[in-house]
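For reference, the chain that follows is the form predicted on its own, supplied as structure tokens.
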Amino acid sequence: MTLIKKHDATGDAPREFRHQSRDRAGLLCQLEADAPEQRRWAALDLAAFSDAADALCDRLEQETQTPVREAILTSLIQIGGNPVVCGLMPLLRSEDAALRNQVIEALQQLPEAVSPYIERMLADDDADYRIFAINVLANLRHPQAPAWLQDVIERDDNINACAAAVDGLAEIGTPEAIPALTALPERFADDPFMQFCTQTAIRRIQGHGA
């Protein structure tokens, strides 16, 4: 799902909302409105206010309507920067799988803003959280992404985290990762599937350079 969508070039809300205040304070108030369409337009218009990131992230955590979530994430991606990344990172711990996936997609579109936090995310005590961070890396257009994934398979003791990193390296890995991939199955000798995964990743990496 692509989060950033085309909207009316004027950025104007529908006619029934035009009598309402479109300044920051008014939009923040409308972001809590009962009508989902009103919340959606408020979220879209708040993209013009970089200091609205915290409020948008707070709303995202409790929002249940998919179109409103998409509008919030669209604005957050447009705002970008550290406040957005810091507001989105905790949502990777959400029990809502759909929300987590949307947050992963959003973070993938903010490579420069998210990059200073990657090492911290990969060192988190929660293996599930590390896996979600690895999922961000798998499609993060950042030159360090392959190296971060390689570091996971060299250091992480969780087999699921390593398997996720192997999948990521199969997509974006470079030949430099092949020795680490070759050595990985020895760390999980009781799991024959890891041997299969690493060999598949190695073949795909070698195929990238063919």
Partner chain sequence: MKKILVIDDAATVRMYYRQVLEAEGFAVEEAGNGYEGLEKALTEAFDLYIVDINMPKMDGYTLLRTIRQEPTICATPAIMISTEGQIQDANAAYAAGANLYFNKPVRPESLITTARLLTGEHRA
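Numbering follows the first chain given and starts at 1. Keep in mind the model is a prediction, meaning the values are calculated, not measured.
Beyond the structure shown, there is the form predicted in complex with the partner chain, which is absent from this document and is the topic of what follows.
> Would the partner chain be touched by all three of Ala97, Asn101 and Cys197 in the predicted bound form, meaning a heavy atom each within 4.5 Å?
Answer is yes for this spot.
> Ile159 near the partner chain in the predicted bound form, any heavy atom under 4.5 Å?
Yes - in the predicted bound form, heavy atoms of Ile159 and the partner chain come within 4.5 Å of each other.
> My question is simply whether Ile131 lines the interface with the partner chain in the predicted bound form - judged by any non-hydrogen atom within 4.5 Å.
Within the cut-off, so yes.
> Is there a heavy atom of Ala170 lying 4.5 Å or less from a heavy atom of the partner chain in the predicted bound form?
Within the cut-off, so yes.
> In the predicted bound form, does Glu105 have a heavy atom within 4.5 Å of the partner chain?
Flag for Glu105 set to yes.
> Which residues, if any, of 41 to 55 lie within 4.5 Å of the partner chain in the predicted bound form when only heavy atoms count?
Result: empty, none.
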